[in-house]
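As structure tokens, one chain now follows by itself in the form predicted on its own.
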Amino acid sequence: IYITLRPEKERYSKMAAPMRNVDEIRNRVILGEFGVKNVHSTDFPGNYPEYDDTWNQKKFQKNFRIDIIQMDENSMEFDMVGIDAAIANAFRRILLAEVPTMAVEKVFIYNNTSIIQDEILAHRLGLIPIKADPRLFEYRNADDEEGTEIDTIQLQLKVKCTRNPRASKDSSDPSELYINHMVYSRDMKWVPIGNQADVFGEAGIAPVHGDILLAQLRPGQELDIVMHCVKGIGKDHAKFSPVATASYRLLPEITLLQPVKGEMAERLKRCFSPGVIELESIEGTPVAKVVNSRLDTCSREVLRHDDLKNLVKLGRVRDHFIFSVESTGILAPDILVSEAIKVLMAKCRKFLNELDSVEME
């Protein structure tokens, strides 16, 4: 066995020769016809010769940014650029499970003569989102039998169904024959504890949506219920989760490798989501042009066409995350995002403190 030791520079050049697309491997996820390439993060220190991938705070601050694309009362879409997938996923999980809210925890049923069992009714009440700022409350101790104004919200549901004396004899419509035959979330009334009436003022506390159906009653049936709402997180129970959905996806990148004209351009346009590919006329001939790759769903439909699949390169930008956050209405989506960032910062501080305490020992 003969072993030849080459100079360091020569060995590196030999290794780098097959890596002409190192930038693509490090920065792009490639969508192929029979699979997805470069799905794993590879930009860790020492993985590629002549690439300095050591983490640097100034470099991170320069590359990292958050761009708000769209925001309304209950939903928000923003771009988070310059981070690893692990951080993006941690942020998503915090939004789902670790931003606290107020929800019904204890249900005291004094009377329930409806056809809905007590357990089912209590479960339905627990899932009603309550419009109350959790930042104004403390966590309630599990040993406390009675809550206080700083850790408990009390709601009452008291409804009785009766016949409508003014209803027409020939009518068969329950909404005309009966009074209070449909019990909605708006029937849940807030009962202030201590100084809560002064703290929350006229805005008060109530379910986010008043038109959620809880039960249906018939004459003689009634509900008499008292509920205690406490502060909690989605990791303990889904009813505390502040978001309906919190998801992210990588920014699609579509590259035309050569001009696509005429009938092929028409078919290429139909292979992508509306608004991704548009046709522009050049000397009377339609030519395909990538207008907004962000709108694409990455269906890879174009790869089914033998004459088109080699004209297009499909990829995703590895460090560009498009976040979609839909709030349940308890807190505005921008507040949820800022609260999630605070939770993540608190976790980092706790971890650093643990490291410091270990070093001291």
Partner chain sequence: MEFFAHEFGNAEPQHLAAPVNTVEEKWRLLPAFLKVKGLVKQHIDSFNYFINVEIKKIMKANEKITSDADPMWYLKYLNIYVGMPDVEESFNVTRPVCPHECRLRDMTYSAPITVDIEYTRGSQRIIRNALPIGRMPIMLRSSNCVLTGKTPVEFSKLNECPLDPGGYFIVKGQEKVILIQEQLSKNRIIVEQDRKGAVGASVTSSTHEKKSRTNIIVKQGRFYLRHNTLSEDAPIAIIFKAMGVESDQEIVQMIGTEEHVMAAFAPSLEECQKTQIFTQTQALRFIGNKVRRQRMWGGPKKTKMEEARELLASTILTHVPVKEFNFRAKCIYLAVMVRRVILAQGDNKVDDRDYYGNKRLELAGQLLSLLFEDLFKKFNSELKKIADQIIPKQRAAQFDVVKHMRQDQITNGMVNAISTGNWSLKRFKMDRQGVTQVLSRLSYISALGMMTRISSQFEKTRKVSGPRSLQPSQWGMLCPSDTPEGEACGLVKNLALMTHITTDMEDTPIIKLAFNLGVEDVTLLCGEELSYPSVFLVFLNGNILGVIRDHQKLVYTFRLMRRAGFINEFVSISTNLTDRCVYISSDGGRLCRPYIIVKKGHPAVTNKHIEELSQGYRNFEDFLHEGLVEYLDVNEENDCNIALYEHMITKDTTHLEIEPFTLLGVCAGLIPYPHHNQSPRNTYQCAMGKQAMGTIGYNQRNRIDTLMYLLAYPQRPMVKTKTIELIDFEKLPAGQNATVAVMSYSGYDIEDALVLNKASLDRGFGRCLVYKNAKCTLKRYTNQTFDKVMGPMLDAATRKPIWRHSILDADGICSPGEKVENKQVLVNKSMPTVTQTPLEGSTQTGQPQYRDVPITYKGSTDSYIEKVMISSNAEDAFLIKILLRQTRRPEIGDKFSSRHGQKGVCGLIVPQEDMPFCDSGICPDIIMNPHGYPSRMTVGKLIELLAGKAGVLDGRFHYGTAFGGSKVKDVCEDLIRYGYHYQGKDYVTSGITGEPLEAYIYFGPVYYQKLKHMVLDKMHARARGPRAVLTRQPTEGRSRDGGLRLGEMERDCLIGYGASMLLLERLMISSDAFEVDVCGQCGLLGYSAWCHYCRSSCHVSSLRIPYACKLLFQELQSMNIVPRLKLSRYNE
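Residue numbers count along the first chain shown, from 1. Predicted model only: the values in this text are computed from it and were never measured.
This next part talks about the form predicted in complex with the partner chain, which is not shown.
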Ok, Trp190, Tyr248, Tyr178, Phe137: which has a heavy atom sitting within 4.5 Å of the partner chain in the model of the complex?
-> Tyr248
Exactly one of Asp144, Glu278, Asp118, Glu77 comes within 4.5 Å of the partner chain in the model of the complex through a heavy atom, and that residue is Asp118
Joint contact, Ala86, Arg92 and Ser299 to the partner chain in the model of the complex, by non-hydrogen atom at 4.5 Å = yes
Gly35: touches the partner chain in the model of the complex, heavy atom cutoff 4.5 angstroms | yes
Might Lys58 be said to contact the partner chain in the model of the complex, defining contact as any heavy atom within 4.5 Å?
-> no
Would Val39 sit within 4.5 Å of the partner chain in the model of the complex, counting heavy atoms only?
-> yes
Distance check, Lys313 to the partner chain in the model of the complex, heavy atom within 4.5 Å | no
Heavy atoms within 4.5 Å of the partner chain in the model of the complex: which of the stretches 148 to 156, 249 to 257, 67 to 75, 282 to 290 has them?
-> 249 to 257
